[in-house]
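Here's a solo chain for you in structure tokens, the form predicted on its own.
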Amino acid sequence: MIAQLSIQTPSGPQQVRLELARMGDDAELKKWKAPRHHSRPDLAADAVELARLAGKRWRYYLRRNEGATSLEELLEKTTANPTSEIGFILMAKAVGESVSPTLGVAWCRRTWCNHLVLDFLAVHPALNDPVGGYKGMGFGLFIGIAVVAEKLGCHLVWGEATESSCTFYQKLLGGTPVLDHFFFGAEALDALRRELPLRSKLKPKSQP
């Protein structure tokens, strides 16, 4: 397991485990479906598409022996070949009852110069409705990416931002303007990792 944290749901905090996908885990991504009622059907459709693309890309890397199914395997492969490109999926798995066993997914690649590229990040369409009452899953996934980066000794995470996601990355970067790309350097990654203890201690809404 990479980390465990809490997200907010309409019924209170939900514990979530962040871990690298193992063989067969991508089957859950194929089950994602948009809820019947969603205030942003476009966001719901994007989440379904990105999750399936992440699974497809991961299977391709595994067939080429360029994928990892655990943090230990990721470290072993990058140590054995320091300039290798290795892909992995970071999954957010619900602890206990939830709308889905898998609540979020991030497809990443460790590059030949030991940077991390985030190609796809998506949260379950039941969670990405702006008025649905869920908060924190996307942020939590990026905290997990920052933790993996630290394990690998990576000091940069970068990727492409879309028109609908650029404000999300801008918020994570403390307001730094983001257009069609983003860069998280060492300081930004450290700041994300410092959020983990706080995100692990969310209390039910009924408590002070």
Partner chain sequence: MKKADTFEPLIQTHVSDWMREMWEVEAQHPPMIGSRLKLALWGPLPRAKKPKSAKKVAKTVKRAAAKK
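Quick caveat, the model's predicted, so the values are computed rather than measured. Numbering follows the first chain given and starts at 1.
The protein also exists as the form predicted together with the partner chain; that form is not presented, and the subsequent description refers to it.
At a distance of at most 4.5 angstroms from the partner chain in the predicted complex, all three residues M1, E72 and K135 contribute at least one non-hydrogen atom.
For the chain shown alone, K151 is a contact residue for the partner chain in the predicted complex, at least one non-hydrogen atom being within 4.5 angstroms. Contact between L29 and the partner chain in the predicted complex is not found at the 4.5 Å heavy atom cutoff. Taking the partner from the other structure, the partner chain in the predicted complex has a heavy atom within 4.5 Å of a heavy atom of L53. Contact annotation: I143 falls within 4.5 Å of the partner chain in the predicted complex, judged by heavy atom distances. Annotation for 158-176: interface residues with the partner chain in the predicted complex are E160, A161, T162, S164, S165, T167, F168, Y169, K171, L172 [heavy atom within 4.5 Å].
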